[in-house]
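Next up is one chain by itself, shown in structure tokens, the form predicted on its own.
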Amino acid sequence: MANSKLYKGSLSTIILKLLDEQGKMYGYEITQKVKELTKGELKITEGALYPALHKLEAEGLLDVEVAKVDNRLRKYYKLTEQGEKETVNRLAELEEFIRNMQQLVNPKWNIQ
């Protein structure tokens, strides 16, 4: 997608949703999963991903688990209990936003 600015406000929700589905993931794995799911249309950069992950961790929504993989330390992120609840809230907000945008962009569709 040429205008990834549209996605920036949704990045934390995207991360929370993926972690809710996958259990735990490391940063590169998150970027690749988004790329795969969007057929390459959305590419999350490290410069956007890691500040978002750190912010979610600081908010108490993510736990970090460090594991040694191939003689390297890898950080795995997973949802806290609070993170699971917040994921539900943010997804509901995003769905409402999408419905409202659809009404503005194409009122004929009238999605309920």
Partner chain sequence: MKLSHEQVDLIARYLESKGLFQFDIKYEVLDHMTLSIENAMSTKNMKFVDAFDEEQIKWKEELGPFQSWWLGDRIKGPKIVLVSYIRSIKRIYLKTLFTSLAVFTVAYLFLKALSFDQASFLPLVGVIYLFILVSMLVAYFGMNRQGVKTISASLFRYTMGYYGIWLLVFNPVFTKLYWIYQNDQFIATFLFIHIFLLCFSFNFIGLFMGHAKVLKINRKL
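Residue numbers count along the first chain shown, from 1. Keep in mind that what you see is a predicted model, and the values were worked out from it rather than measured.
If you look for the form predicted in complex with the partner chain, you will not find it shown, but the lines that follow are about it.
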> Applying a 4.5 Å heavy atom distance criterion, does residue 80 contact the partner chain in the predicted bound form?
Replying inline: no
> Is residue 51 close to the partner chain in the predicted bound form, meaning a heavy atom pair under 4.5 Å apart or at it?
Replying inline: yes
>> If we define contact as a non-hydrogen atom of the residue within 4.5 angstroms of the partner, is residue 46 a contact of the partner chain in the predicted bound form?
In response: yes
> Could you tell me if residue 58 has a non-hydrogen atom within 4.5 Å of the partner chain in the predicted bound form?
Replying inline: yes
>> Counting only non-hydrogen atoms and a 4.5 Å threshold, tell me whether 7, 13 and 90 all contact the partner chain in the predicted bound form.
In response: no
> What residues, if any, in 70-91 have a non-hydrogen atom within 4.5 angstroms of the partner chain in the predicted bound form?
Replying inline: 70, 71, 72, 73, 74, 75, 77
